[in-house]
Each structure stands twice: as C-alpha cells, then as structure tokens.
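Here are two versions of the same chain, shown separately as structure tokens and labelled structure 1 and structure 2.
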Structure 1
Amino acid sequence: MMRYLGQRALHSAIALGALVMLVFFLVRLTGDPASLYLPIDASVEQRQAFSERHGFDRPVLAQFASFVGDVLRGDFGHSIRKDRPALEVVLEAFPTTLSLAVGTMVIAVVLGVVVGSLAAIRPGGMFDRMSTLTSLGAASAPDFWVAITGILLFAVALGWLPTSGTGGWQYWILPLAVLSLRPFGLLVQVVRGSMLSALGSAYVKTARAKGVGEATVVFVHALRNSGLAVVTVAGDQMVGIVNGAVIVETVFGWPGVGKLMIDAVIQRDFTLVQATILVTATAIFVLNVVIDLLYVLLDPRIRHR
C-alpha cells in the first residue's frame, strides 16, 4: 500500500510540475497585465514603468527561472490585484469550495443511491418512471437558471431562506440544492442501470433462492456491485466542483476558488492563476488517489492484483 501511494505521489508531482510550467507560459501569452491593471488612459511610459516594477519586462525564461527558484523556497509570488501572497489568497478560498463539494456529494450520493436502487426494484413501475423523469430533469437543468429562480422564489417571494451569502445552516440550503442537482440526476441513472444488471445476475438469484430478504438482496448484495459505478461518477462530479463551482460561487456570493481563478485569468493576475491551479490540481490528485483506494476497498479483484 505504501509503495502504491509513494508511486502515485511521485507521478502526481511530475504531472503537477509539468502543469505549472505549462500554465506559467500559457498565461503569459494572454497579454500584458499593465493594460488591464492600470486605468485605460494610462500612458505608454506608465505602463512600461509598471511592467518594470513587476518584472514583466524581463525575458520570459528569466521570469521562469525566478519563479522556479521562488517556488522551491515555498514562495508562490504576490498577487498584483490582491496585493497579498497568492498562496494565502487561494488557501483562504479553498475551504469554501471544498465544503461545498463535500456537502454536495454527500447529498447527491445518498439521495442518488436510494432513489436509483428503489427505481431498479420494479423497472417500468410508477416510481421508476417518476424518478427517471426527475433525475433527467435534474441532470439537465441549467444551474444558473435554477439558482436565480430559487433565490426569487424561496428568498424574495416566500422569505424562507436568505438570498445569498455565508452564515448559518439556512445559507447552505440553496447553494447545495443547486449544486447537487446534476450529480444527483446522473447518479440515479447510473445506480438504476447497474442495479438492474446486478439484480438480474446469477448471484442475486442464488441469494433469493437461499431465502435472503429483499432489502438485503437489494441494498447489500446488488448495491455493493454498483458501488464501482457510483464511485466513478461521484468522483468525476466531485473533481468538477473542487475545480471551482463558479456559477454557484458567483450567484450566491460564496468566496470560493472557482470565481477566484476565473477573475485571476480575466485580470491577468499571473501569480494568482498559477497558485490557484497548483492548489486545485493538488487537491484533484489527492482526490484521485482516494477514489483509487475506494475501488480497492469495493472490488476484491483489484485488491488481489
């Protein structure tokens, strides 16, 4: 196990290094930060002076050498816009995104698995039809529209929930509901499909023939085999949210890493882009290792290999 983790960490470190290098050069192709940071009527001289102050006038390779040196010392640079260490800005925003991702996945997986399993018990039945309709609707609803409609309905018209912002449990309801919709919809479909094939398999028939109760058959024997598909889809969805739940962060005013990254790109805040990508990429690598370990836990065949 330790050897496996060590290998994964090494591969991840190499990939991360390559990614950071790529981002460093790509982001500099977008143009001159001075023309976006300074007022639009700033003179050519003022823009040149700005570039000199921040070292953007130096050859890109020289900038890269300094960047690598700084990173090796643990310094990820200074965000021009925020006038603070870039890593500090990102690490402040990251817990928000992570908590959104975890909350969303807990809701989506629990609801998705329960609804998907129940739908598979009687294919074509009323519950199955309803859940298919609901899950397809949930998976395909545009989250921007759902978010704004949710605010107008639950916060403005009914006054049950706050419109946006962070705070007590009430503030979590709308963002989590909006974020959970798509993963929930997908998971219902995935669980239903894999449960249907599991419930038709020989080992389930054997279990039934042995007189095992229906609930145990569905939720213990069949569901465990569907676990792999659930982990794959849920993991993929979670990676997407860790990468930034931009729309939910933007609409609900949650200070997460997704909006931070988009703003940094738009404003050509190079160091902040680099730090954001580094932190989210690290989180995604860790998440992938966790997903791999879950596979091992769920599937003895992988364990024995």
Structure 2
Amino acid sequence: MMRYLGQRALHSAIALGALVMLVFFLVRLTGDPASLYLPIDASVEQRQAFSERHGFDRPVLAQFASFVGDVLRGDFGHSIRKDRPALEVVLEAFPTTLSLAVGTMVIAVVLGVVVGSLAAIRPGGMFDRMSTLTSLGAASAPDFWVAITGILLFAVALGWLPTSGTGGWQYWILPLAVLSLRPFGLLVQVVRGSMLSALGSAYVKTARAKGVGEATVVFVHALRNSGLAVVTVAGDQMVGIVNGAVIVETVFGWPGVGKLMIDAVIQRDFTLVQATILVTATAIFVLNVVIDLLYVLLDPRIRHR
C-alpha cells in the first residue's frame, strides 16, 4: 500500500509541476497588472516601481525560478489586490467550496442510491420510467441555465430565497440544488444499471429462496455489490465540483475558490491565481487517493491484486 501511495504521489507531483508551469506562463498573457492597478496617467517611474515591488521587472524565467523556490519553502507570495499572503486568502475561501461540494454529494448520493435502487426493483414500471426521464433531464441541464432560472423563479418572482451571498440555511438551498442535479442524474442511472445486474445474480436468488426480506435483499446484498460503481461516479463528481464549481459560485456570489480564481484572473492577480490552482490541484490529488482507498475497502480482490 505504501508503495502504491508513493507512486501516486510521484505521478501527481509531476502532473502538478506541469500544471503550475502552464498556469504561470499562460496567466501572464492576460496583460500587465500595472495598467490595471495604476492610474492611466501614471508615469514611467511609477510603473517601474510597481514592477520592481512585485517582481515583474525581471525576466519571466527568473520569475518562474523564484516562484518554484518560494513554493518549495511554503511561500506562495502576496496577493496584489488584497495585499495579503496568497495562500492565506485561498485557505480562507477553500472551506466554503469544500462544504458546498460535500453537501452536494451527500444529497446526490442519498437520493441517487434510493431512487436508482427503487427503479431497479421493477424495470419498465411507472417509477422506473419517471426516474429515468428525471435523471436524464437532471444530468443534461446546464448549470448556468438552472442557476439563473432558479434565481428568477424562487428569488425574484416568488421571493422565497436570497439571490446570492452566504448566511443562513436559505442561502444554501439554490447552490446545493443546482450542483446536485448532475451527480444525482448520473448516480440514478449508474445505480439502476448496477442493481439490475446484481438483482439477477445467483446470490440474490439464493437469499430470496432462503426467505430474506426484499428490502434486505435490495439495500444490503445487491446494493453492497454496487458500491464500487457508486464510489466511482460520486468520487469523480466530487472532484469535478471542487475543481469546477466556478459557474455556480459566480452566479450565486458564493465566496469560494471558484469565484476567487475568476476574480483573480480578471484582476490580473497572478500570485493569487497560482496559489488557487496549486491548492485546488493538491486537494484533487488527495481526493483521488481517498477514492482508491475506498475501492480497497469495498472490494478485497483489489487489495490482493
């Protein structure tokens, strides 16, 4: 196991290094930060002083070498816009995104497993057809369209929910509902397919022949053997939410990592963009390792291989 974790860490470090290099050079194509932070009539001396203060006066390769050396020492630099350590700013926003992702996946997994399991009991029945139609619609609906429609309906027209920001439980409803749709739809289809295969297997027929209750057969025997498929989809969606909740966070003004990164790109806060990418990529690596460990716990055959 330790050897496997070491290999994953090495591969992830190589990928992370390539990503950091790509982001470092691409973000500088957005323009000179001095033209955004200084007045239009700023003198050449003022622009030179700004560049020297933030290290932009040196060649790009020298800047990159300094950045890598600072990161290896745990220094991610200072945010230009906020005038604070960039890592501190990212770590303040990251729990908000993580809590939104965890809440989304709890809702999606619970509803997806229940609906998918019930749909598999009677394939072709009314509930199966309705759940298939609903799940396909949920998995296909664009996040930005659902988010804007939800704001127009529940916040503007009905006035039941706030339009954006954070606060009480009311602020969580729309972001959680929008982000839960896609993983819910995918999980219903995956669980239904896995359960149909499991319910037709020999061990389920044996359990039924022994008089085991239908609920125990479905939600204990069959569902347990569908766990790998659930973990695979749920883990992939969790990673996707942590990495890509940019649209939902921007629409709802959610102060998470996604919105922070968009604001940093618009404001040409290079240091903050780089810190955001690094922290997010590291979190995704950790999540992938956790998913692999769950595979081992759910299926001992993987451990032996």
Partner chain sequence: MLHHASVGQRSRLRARIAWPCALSALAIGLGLTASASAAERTVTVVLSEEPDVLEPCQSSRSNIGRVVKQNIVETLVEIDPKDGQITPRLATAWQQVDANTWRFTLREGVKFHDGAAFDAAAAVKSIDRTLHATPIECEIRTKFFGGLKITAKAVDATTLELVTDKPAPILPTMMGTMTITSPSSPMDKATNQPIGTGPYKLDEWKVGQEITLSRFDGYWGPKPQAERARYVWRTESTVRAAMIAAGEADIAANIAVQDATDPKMDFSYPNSETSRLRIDTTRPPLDDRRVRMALNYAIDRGALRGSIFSADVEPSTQLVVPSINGHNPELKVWPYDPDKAMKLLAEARAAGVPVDNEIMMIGRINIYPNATEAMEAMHAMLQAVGLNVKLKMLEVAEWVNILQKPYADDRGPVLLQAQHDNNNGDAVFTVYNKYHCEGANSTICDKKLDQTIEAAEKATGDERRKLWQEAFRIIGDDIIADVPLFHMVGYTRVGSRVNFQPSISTNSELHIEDITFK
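The term rigid core refers to the maximal set of C-alpha atoms that superpose within 1.5 Å between the two forms. Each residue is numbered by where it sits in the sequence of structure 1, with counting from 1. Note that this is a predicted model, so its numbers are computed, not measured.
**Q** Given the two isolated forms of this chain, which one is the form predicted on its own?
**A** Only structure 2 fits here, because that chain is the form predicted on its own.
**Q** Hey, does R129 budge by 2 Å or more at the Cα between structures 1 and 2 once the core is superposed?
**A** No, the C-alpha moves less than 2 Å.
**Q** If we fit on the core, is the Cα of A177 displaced 2 Å or more between structures 1 and 2?
**A** Shift of 2 Å or more: no.
**Q** On a core-based superposition, does L152 travel 2 Å or more at its Cα between structures 1 and 2?
**A** Superposed on the core, L152 moves its C-alpha less than 2 Å between structures 1 and 2.
**Q** D269: how far does its C-alpha move between structures 1 and 2, core aligned, in angstrom?
**A** Its C-alpha shift, to one decimal, is 3.1 Å.
**Q** How much does the C-alpha of Q46 move between structures 1 and 2, in Å, when the core is lined up?
**A** Comparing between structures 1 and 2 after core fitting, Q46 shifts 5.7 Å at its C-alpha.
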